[in-house]
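Here are two versions of the same chain, shown separately as structure tokens and labelled structure 1 and structure 2.
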Structure 1
Amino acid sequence: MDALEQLIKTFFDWEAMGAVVPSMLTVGLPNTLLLAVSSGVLGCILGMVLAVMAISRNPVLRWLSRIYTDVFRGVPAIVTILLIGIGLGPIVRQLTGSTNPFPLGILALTLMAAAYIGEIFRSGIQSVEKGQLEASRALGFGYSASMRLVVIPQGIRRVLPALVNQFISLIKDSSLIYLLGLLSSQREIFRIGNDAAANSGNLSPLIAAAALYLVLTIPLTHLVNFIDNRLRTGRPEKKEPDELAAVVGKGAQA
């Protein structure tokens, strides 16, 4: 089959992949990790602030959070990145003298991720039974301590998989900061694959980039699932990942 052969050559040219892997590992991987991890952490912090604002009793805080979320979630990533790069870029340059696009890139990614993460946290927190807040307040904890110690930990646990979704999106979105103007040593995994694909006219470097993404994201998913299960059951000897069905004996299969 000629077409199939052509297809395989287009996507799975081992030589073209091999050529690009070294720079993906030495240049792309550290950059991707730097961008994704730092904006992931900052995005979680800002997202938590947004979530707490969104359920606060103060309508001003609620609306601020709502507007922020609506805007930064609705606007295409490219537009946000360009606005920040072109709008803030010159100011940052004048203040710090640095032309490194990473701080601005991390800022842009953080602002966008926070909007999504905030909604995820909000849904988790709101799903915690109100009896939990009551019990904690009855012990004498203040509202914020109750949230911090009792409600939020339970809420986060419930949305861990959705949070992983967002973190994976972030790893992928980090490729968009090329719009801020990157030195060749500042490119991340996908950009390196993309440029190599353009050079060779063969799409295999993109597949190599995808494979490297999988190497990052699959262990992450399974690590989080593992932690999740441990937290959920508290028993390391538990083998069945399916808590829900497990309680209802064999009948569940009928």
Structure 2
Amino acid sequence: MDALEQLIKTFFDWEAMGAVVPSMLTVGLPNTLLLAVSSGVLGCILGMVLAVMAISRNPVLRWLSRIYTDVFRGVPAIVTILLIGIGLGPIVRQLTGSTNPFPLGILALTLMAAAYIGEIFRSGIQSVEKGQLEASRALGFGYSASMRLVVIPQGIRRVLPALVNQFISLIKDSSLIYLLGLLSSQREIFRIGNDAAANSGNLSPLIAAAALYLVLTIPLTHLVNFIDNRLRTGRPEKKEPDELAAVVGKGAQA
């Protein structure tokens, strides 16, 4: 019984959780979303460039895209963040005078996300039937216009669930930015929970951090499932008034 009480006190100390939740909501949550959204938007832009390079007719562009993707998908996230954050940190401070680690953290997350998002976009674009491109060319569109107006929009629509999944990964990967050193006002969700756990010797603040990550990621996971189901089945057909009246009439007769 003592062991069970100790276990509960270690992981579910409500007072320790309540002490860190306000700072997680006011400081950690905005910083986490700033890192994830910024790197997600920039990663989508760079990822689209990589996808276009990957399907280009120019072999040099295809090889450059392939090398970039292999490197940033193969190197662990923590290594990339440390190399960029610590390696470029002195140069950035010398040029700008700023010690804020967020720009370098966003850069590292962007470079990693772009490698995955580029492959997502490439697979989506290549999944579009060739007839779509041929039909648009037959209507008088050039190759670039056909890709920009017809093929790429369809490809993006098909990979929306995978893009949301990648954004979920960015939310979790943003916790690694603490390695670059954060001021009190720059801490994200994990750093706040980890600092409180280290100071108190209790793991309940980390449980609170995990719960907040779940609050962010579980709705997005269900959104992925909804988007995927909608793309596969389409919108439910609305019954015409006559059909609806016939169904109601049959029900009344029964």
Partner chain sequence: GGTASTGSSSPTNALEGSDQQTLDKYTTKDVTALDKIDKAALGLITPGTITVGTLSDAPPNIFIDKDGKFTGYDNELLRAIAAKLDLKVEFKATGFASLLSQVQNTQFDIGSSSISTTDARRKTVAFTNGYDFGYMAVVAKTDAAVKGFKDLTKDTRIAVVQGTVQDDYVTNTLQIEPVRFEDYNTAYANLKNGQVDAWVAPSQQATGQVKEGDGTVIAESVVNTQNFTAYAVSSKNQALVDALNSGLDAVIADGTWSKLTKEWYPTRETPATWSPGSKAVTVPKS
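Quick note, the numbers are simply positions in structure 1, starting from 1. Just so it is clear, the model here is predicted, and its values are computed rather than measured. Just so we're on the same page, rigid core means the largest C-alpha set that superposes within 1.5 Å between forms.
* 1 or 2: which is the form predicted in complex with the partner chain? -> Answer to the question: structure 1 is the form predicted in complex with the partner chain, whereas structure 2 comes from elsewhere.
* Could you tell me whether the Cα atom of Thr96 shifts by at least 2 Å between structures 1 and 2 after core superposition? => After core superposition, the displacement of the Thr96 C-alpha between structures 1 and 2 stays below 2 Å, so no.
* Superpose the two forms on their rigid core, then report whether the C-alpha of Val71 is displaced by 2 angstroms or more between structures 1 and 2. => No: Val71 shifts by under 2 Å between structures 1 and 2.
* Give the C-alpha shift of Tyr143 between structures 1 and 2, in Å, after superposing the two forms on their rigid core. => In the core superposition between structures 1 and 2, the C-alpha of Tyr143 moves 2.4 Å.
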